[in-house]
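Single chain ahead, by itself, as structure tokens, in the form predicted on its own.
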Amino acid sequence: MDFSLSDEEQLFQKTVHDFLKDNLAPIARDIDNDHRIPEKLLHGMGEIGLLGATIPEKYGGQGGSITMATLGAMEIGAADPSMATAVYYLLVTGWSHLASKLGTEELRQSLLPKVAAGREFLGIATTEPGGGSDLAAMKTNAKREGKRLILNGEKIYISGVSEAKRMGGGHLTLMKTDPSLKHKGLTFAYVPINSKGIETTVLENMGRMGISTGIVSYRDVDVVKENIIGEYNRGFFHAMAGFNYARTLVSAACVGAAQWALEVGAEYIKRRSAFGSTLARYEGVSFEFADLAVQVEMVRNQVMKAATLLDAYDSGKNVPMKDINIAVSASKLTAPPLALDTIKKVMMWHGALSYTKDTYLEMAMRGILSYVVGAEGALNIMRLVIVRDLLGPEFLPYR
């Protein structure tokens, strides 16, 4: 598989790298401390085409590939390893891509240009208090009244609650529309956060401080037909397609953070001396560095494979869906734990210094943990997807 970048992708990567080096990396600590990504930064990300990487040009985007978006995620993960900006990016980029493919023309025209410009937020709302990965068991429901759906229920651990309320925007929300059909009776729709009947509560996280996480409660919320994503009662399958995009971008951001940590670690061990020699001369450190560098490169290639397969599928090529599912799940299974392990080991090279806020390492560890414990899909769910598509669904613990 050829992972070489086109001229357009190389230019995009350089443009993004240079912009983030000047505008994001210097304020990453401020974002963590202030619990907010500056809107000026988001507007700038919109101006260079980063937030609309995969949105068609007619709706204000770049009209680019998932590979381009993946490159952007890696750069963001390296510039702000707290993951806050990466979370914002992967949500608006991954889910706007799905909205541009399956949304109504009315929704595309009203929502996507603002998302691409960094002036409205778009996220995903599937997780509920009773569970996250078992979507078929969700309780949030919607009943038809004429051409509208009336939505009731509650979602939890939803990213971007405060951002959507402040900037405008909302979430692609999964709801049960035919309980008798289980996972085949779910519908996906865009629900603006400021709709009548919505209440929100913000939760306090241990990391990713620059973007909010909260609870969204729906009480008789009107969902107009123009906001339905794809087909009625096909929401589960549409959401799974969206998660393939989002999980690829999550994995890319984790690779970016791991690469950043390695570079920080390399500079430190080359100059820090102990017992008359730099740390880089001790094999206990340098061999560990070599192993991590190889593993990061391997996972980077895995993520690029997932992006390449998604692009091939989007372009109409005959790519088996199981190949995409395996590549994406393998990326999400390996990238967050590797990033966490890389950051932890670099912290150990730094010793007590890494336990202070004089480095970014501690906020990087806090942020990466969100993707290890389950955001955008638990690691064991990734294993189940791989088992299902390699061995067959009959070998799953549930059927």
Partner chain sequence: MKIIVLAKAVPEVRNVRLALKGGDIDRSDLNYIINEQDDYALEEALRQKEKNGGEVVVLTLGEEAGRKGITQMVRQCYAKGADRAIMALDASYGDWDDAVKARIASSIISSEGADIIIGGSQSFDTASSRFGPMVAELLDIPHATLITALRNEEGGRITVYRDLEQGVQEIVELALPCLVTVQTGINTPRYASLNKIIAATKKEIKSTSLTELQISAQQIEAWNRVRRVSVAFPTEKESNTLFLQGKPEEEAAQLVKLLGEKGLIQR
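Positions refer to the first chain, counted from 1. Worth saying up front: this structure is predicted, and the values here are computed from it rather than measured.
Just so you know, the form predicted in complex with its partner chain exists too; it's not on screen, but the next bit is about it.
Its partner chain is not shown here, but in the model of the complex it comes within 4.5 Å of a heavy atom of H17. Although the partner is absent here, E47 lies within 4.5 Å of its partner chain in the model of the complex, judged by heavy atoms. Mapping the unseen interface onto this chain, E394 falls outside it, with no heavy atom inside 4.5 Å of its partner chain in the model of the complex.
For the chain shown alone, G63 is a contact residue for its partner chain in the model of the complex, at least one non-hydrogen atom being within 4.5 angstroms.
Of the candidate stretches 49-57, 35-43, 337-345, 362-370, only 49-57 has residues with heavy atoms within 4.5 Å of its partner chain in the model of the complex. Residues of 2-24 lying near its partner chain in the model of the complex, listed in sequence order, are D7, E8, Q10, L11, F12, K14, T15, H17, D18, F19, D22, N23, the criterion being any heavy atom within 4.5 Å.
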